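Only one chain is shown below, in structure tokens, and it's the form predicted alone.
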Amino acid sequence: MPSVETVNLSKRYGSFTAVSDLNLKIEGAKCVGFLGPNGAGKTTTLKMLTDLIIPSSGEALINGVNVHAQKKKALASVSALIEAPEIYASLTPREALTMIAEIRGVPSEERKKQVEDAVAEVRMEEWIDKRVGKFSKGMKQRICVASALLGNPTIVFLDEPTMGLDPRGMSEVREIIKSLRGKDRLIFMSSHILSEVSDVCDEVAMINHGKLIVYDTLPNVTAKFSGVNNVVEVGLAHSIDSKIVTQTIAALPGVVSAEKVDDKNLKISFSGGLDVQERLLNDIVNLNIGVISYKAASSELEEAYLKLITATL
């Protein structure tokens, strides 16, 4: 089981403390959002987890191995995109990724397949032999994500992977990250975009002024800190009768209210945490109304985030 852990991890620059006694343990294949405002300490933490900078005190552990003391062993199963990675404009994805695969020690007989598989995973097969210099920023970022998949890592660190992209590029990269969750990988993704974390991640760790505020599942965070009730958004394959929403769904156990946002999207308010949300999903799916998505409402995460961040100012 992949694991990432920080134990009293701190980084100080003179009198300024970027990360302060951070204790966080993440285990299992999932996507965890590392959420916080700009300057909160997210990138500094990721750099200590990958030994790009040395902690002032404390430990960064990957699969129980100290990153700074045993860097090669700790990072053998890790890949990372931190800050603003780039691919040489004059190279094709095949050329650039083959070079990266060689640097990472992928055996020569496996490189071609791994490169092609990684490019396919980010849906860039038709561009594999085109010059990167001709790509949009979103396309370049997809190739960077592909580079992070070489060597079949079980842990992937992503530092604000959609930063600077237009809405289409952001959507494309988010969809790719969501597709990676089912590949037995632990994805630890920093972001300050609430809707992104709500859409992509299973759990969230919030940090501010270098200190951990909360780490829990998205439903539990929103249930504890956003208000009395939790809210989920449900996407449907086709429109349904309003009576099913206002009468049948609204009458399910734990549901406080149910409404149609538009023809194919519902918003359901319920009281309780993760166990209630799990049961609610089963109940809605059993109605056979064509459920295709189910997630915590981003507005609820925003409310929780603002309360928690304000409390630490």
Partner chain sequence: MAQTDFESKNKVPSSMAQVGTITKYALLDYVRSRRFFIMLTIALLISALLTILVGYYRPESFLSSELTFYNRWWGTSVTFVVVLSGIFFGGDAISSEFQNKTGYFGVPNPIRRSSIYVGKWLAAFIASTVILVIFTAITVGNGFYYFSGVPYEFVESLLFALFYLVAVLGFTFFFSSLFKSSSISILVTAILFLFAFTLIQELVADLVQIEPWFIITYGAQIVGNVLTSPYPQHQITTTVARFTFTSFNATIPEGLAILGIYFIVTAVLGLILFERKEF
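The structure displayed is predicted, hence computed values, not measured ones. Numbering follows the first chain given and starts at 1.
Form predicted together with its partner chain: not shown, discussed below.
**Q** In the model of the complex, do 13, 71 and 103 all reach within 4.5 Å of its partner chain through at least one heavy atom apiece?
**A** Per the other structure, all of 13, 71 and 103 touch its partner chain.
**Q** Which one, 242-250, 56-64, 276-284, 30-38, holds residues whose non-hydrogen atoms are within 4.5 Å of its partner chain in the model of the complex?
**A** That would be stretch 56-64.
**Q** Exactly one residue in 194, 144, 156, 231 has a non-hydrogen atom within 4.5 Å of its partner chain in the model of the complex; which is it?
**A** The residue in contact is 144.
**Q** Of 87, 124, 212, 176, which residue is found within 4.5 angstroms of its partner chain in the model of the complex when only non-hydrogen atoms are counted?
**A** Contact check passes for 87.
**Q** Find out whether any non-hydrogen atom of residue 91 is located within 4.5 angstroms of its partner chain in the model of the complex, and reply yes or no.
**A** Residue 91: contacts its partner chain in the model of the complex.
**Q** At 4.5 Å between heavy atoms, is residue 83 in contact with its partner chain in the model of the complex?
**A** Flag for residue 83 set to yes.
**Q** Hey, in the model of the complex, is residue 119 touching its partner chain, heavy atoms inside 4.5 Å?
**A** So residue 119 does not count as contacting its partner chain.
**Q** So, residue 224 and its partner chain: in the model of the complex, are they within 4.5 Å at any heavy atom pair?
**A** No, residue 224 sits far enough from its partner chain in the model of the complex that none of its heavy atoms falls within 4.5 Å.
**Q** For the stretch 1-22, return the residues whose heavy atoms include at least one within 4.5 Å of its partner chain in the model of the complex, in the order they occur.
**A** The stretch touches the partner through 1, 2, 3, 5, 7, 11, 13.
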